[in-house]
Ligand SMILES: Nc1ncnc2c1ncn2[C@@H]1O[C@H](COP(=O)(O)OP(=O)(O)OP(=O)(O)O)[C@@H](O)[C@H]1O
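What follows is a single chain, given as structure tokens, in the form predicted alone.
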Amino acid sequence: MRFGIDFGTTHTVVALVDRGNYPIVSFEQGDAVQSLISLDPSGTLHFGVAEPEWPVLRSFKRLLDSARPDAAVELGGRKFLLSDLLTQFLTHLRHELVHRSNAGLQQGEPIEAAVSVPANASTAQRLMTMDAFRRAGFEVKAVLNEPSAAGFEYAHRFRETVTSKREYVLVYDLGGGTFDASLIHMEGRSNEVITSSGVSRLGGDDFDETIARLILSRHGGGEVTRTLLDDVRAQKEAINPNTRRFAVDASGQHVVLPIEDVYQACARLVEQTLTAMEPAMRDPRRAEDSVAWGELAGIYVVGGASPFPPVYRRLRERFGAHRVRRSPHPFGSCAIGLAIHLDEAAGYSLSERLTRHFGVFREDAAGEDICFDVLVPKDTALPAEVSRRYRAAHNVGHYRFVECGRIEEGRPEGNLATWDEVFFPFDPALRASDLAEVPVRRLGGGPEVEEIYRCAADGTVEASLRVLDDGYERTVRLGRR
């Protein structure tokens, strides 16, 4: 069976491919599995559930953005590899799908899945997510950016709004931990992602924290506790347009706030999302690359945190009520879109683009200086392959790969993430050596070298380095250090 699986910051949602329909799968505990891990007093890990007194790891998806492969987290005084916890959580999800859901899976039946990552996720997060799903027993057929997946749901549900004069849709995706915006060009059943922007740490968790601090500031201060955050989240998700008061228990007191005070406290966060979505309104394929708001068929509002009333209210104020459309299933839009992508009969196609610049630091000026080269620019259509040839000037190539959000004056800036350091022997005599211990020195005429970088549709990168003189080659799947 085929599923779209949206591993979210607070909830994980699954949608089923079912003969042209894409229902959200129901579990015994509801229409989602809570994305949390807890530890009971005996030292046993539990997934998706927790008792009040148990140590809990919530929103652990947020940790993936800056995680190395060997990153560890602490829970209940014990350390666990983050990659192992993610694999165990997804193994639990698979068990729930088979034994405690209405999906109709048979024991041992293969589970094919399209899975999602934030649009601005690092390559390390993409690799870790994909590998964990596979280790958990899923057959991963595709890895899509979350707003790109939501774009399929828009195309499936609101295709009639796309006209020859309005062929763009801007997906506004406010989740539990991240905010992403992607501009998608829709023509027929082809969805082409043009560009993306966003903030890797801005979502529902930050709204909860802001509201909790407002409550404490009005009633004697104190620490933001897990219990308070849980109460705030529950009350926030229960708000509707007619809500007038926000009531929770804090520090032994029953606290009631006017709802407008809560909205005002969160206004700054909503404005940050509007600022972050502005850079996505451009199409570099055109001579005039900026896209006018009037060219949009719609702004599609999705994500678990997007039902919070100030979000929709502010978007309607800024862009007009006729242009802003909410998904009927904001928590499940991404999972539904992933399922649509897997449904070959639906006939949709997707062209993704790289959401960060990918480049390398290398020796320059006879080893006396370091320069930075952009290898694959942001917004490059995927998949992509880049090659370059040159005559080596040094005995050892020392490549320090980097991804970043922007380039300023030739330098990588904004959410910079260091990837693998790769050493490559240009001098044949060094091929059996520990190159990290070999000083870089200038050669008197080195061999001709070819570099090939292959960036897959899911945003992962593989590098092949080859000495053309004798065919010596090394291929590396690159990841974050």
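Just count from 1 along the sequence shown to find any residue number. From a predicted model like this one, the values you see are computed outputs, not experimental measurements.
Another form exists, predicted together with this ligand; not displayed. Remarks below refer to it.
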| note | Note: this ligand not shown here; in the predicted bound form, the stretch from 378-386, 134-142, 159-167, 204-212 having heavy atoms within 4.5 Å of it is 204-212
| Just one of H398, R314, K236, R282 has a heavy atom within 4.5 angstroms of this ligand in the predicted bound form, so which one? | K236
| query | Given that this ligand is left out here, which of G298, P307, G405, G359 has a heavy atom within 4.5 Å of it in the predicted bound form? | reply | P307
| field | Contact label in the predicted bound form: G4 to this ligand, heavy atom within 4.5 Å | value | no
| said: Although the partner isn't part of this model, could you tell me whether T178 comes within 4.5 Å of this ligand in the predicted bound form, counting any heavy atom of the residue? | reply: yes
| task | Considering only heavy atoms, tell me if G151 and this ligand come within 4.5 Å of each other in the predicted bound form. | result | no
| query | in the predicted bound form, does H11 have a heavy atom within 4.5 Å of this ligand? | reply | yes
| said: Only counting heavy atoms and a 4.5 Å limit, does any residue of 142-172 reach this ligand in the predicted bound form, and if so which ones? | reply: E146
